[in-house]
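What follows is a single chain, given as structure tokens, in the form predicted alone.
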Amino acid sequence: MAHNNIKILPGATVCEDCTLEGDITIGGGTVIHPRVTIIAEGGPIIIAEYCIIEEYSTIIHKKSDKQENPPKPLFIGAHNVFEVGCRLEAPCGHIGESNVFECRSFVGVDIKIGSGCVIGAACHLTAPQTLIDNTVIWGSEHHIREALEKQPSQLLQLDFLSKVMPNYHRLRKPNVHKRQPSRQSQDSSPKP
């Protein structure tokens, strides 16, 4: 990896004891537990706000043989939950919002994921496929059904984690701040 360019927005809770490599942007309100591995080897990874990434989870933006220049980012939408030990490998693309990747689940390189999906515990998705919104995959035979209701909000858990984790873990500090209005825009505003 040539260099790390880690951007942590205000409100994110990111433990020091995690591996972040490459060009990674972490949205406000997102919580990243210790022992998480996020590697952007094939291009930038953008994690939207209010995601939970639990211990031993791995997210890798894989290099592709058909790599574009500049490489396309891997965008992970808001309110996604990556439970303990899950693994996501993607060459680029978009992961929707409000998905749950349950414990020890695996999502391979040619899988597109909509919003509101659940990848069940220990399910391994390796065949190319597209999961439409609200798809639930579960069981050793990877049964598929449509979710009957929306995924519940994780905001209470996020609030709890953001308050408790600083008591037990060292955290990385946010390094991207809200932009101040530029001097030119202030000078050019109409005066009454």
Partner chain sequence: MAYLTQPDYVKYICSCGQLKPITSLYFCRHCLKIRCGFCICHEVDSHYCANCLENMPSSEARLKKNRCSSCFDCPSCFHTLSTRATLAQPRQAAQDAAAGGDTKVENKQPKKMYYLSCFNCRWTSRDVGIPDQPVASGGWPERTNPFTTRMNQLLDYYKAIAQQEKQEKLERERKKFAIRGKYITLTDKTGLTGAMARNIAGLPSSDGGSSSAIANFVASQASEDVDELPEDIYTKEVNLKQITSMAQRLASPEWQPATVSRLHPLAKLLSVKRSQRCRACDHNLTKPEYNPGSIKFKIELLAYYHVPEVKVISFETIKPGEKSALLIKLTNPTGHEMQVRLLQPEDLPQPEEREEPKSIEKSLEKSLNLEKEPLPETVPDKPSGVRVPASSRVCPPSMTLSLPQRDDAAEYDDDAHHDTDDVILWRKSNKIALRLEVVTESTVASGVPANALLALEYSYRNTVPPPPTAGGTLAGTTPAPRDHTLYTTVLLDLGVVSG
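Rigid core here is just the name for the largest C-alpha set that superposes within 1.5 Å across the two forms. Everything numeric here is computed off the predicted structure, so don't read it as measured data. Positions refer to the first chain, counted from 1.
From this point on, the text means the form predicted in complex with the partner chain, which you will not see here.
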Flag R145 as yes or no: does it have a non-hydrogen atom within 4.5 angstroms of any non-hydrogen atom of the partner chain in the model of the complex?
-> yes
Indicate whether E149 is a 4.5 Å heavy atom neighbour of the partner chain in the model of the complex.
-> yes
Is there any non-hydrogen atom of E83 lying within 4.5 Å of the partner chain in the model of the complex?
-> yes
Give a yes or no for V36: in the model of the complex, does one of its heavy atoms lie within 4.5 Å of a heavy atom belonging to the partner chain?
-> no
Ok, V136, I60, I46, L158: which has a heavy atom sitting within 4.5 Å of the partner chain in the model of the complex?
-> V136
For the chain seen here without its partner, which of 22 to 30, 163 to 171, 38 to 46, 149 to 157 has a heavy atom within 4.5 Å of the partner chain in the model of the complex?
-> 149 to 157
Stretch 22 to 53: residues contacting the partner chain in the model of the complex, 4.5 Å heavy atom cut-off | none
Once everything's superposed on the core, is L148 shifted 2 Å or more at the Cα between the shown form and the other one?
-> yes
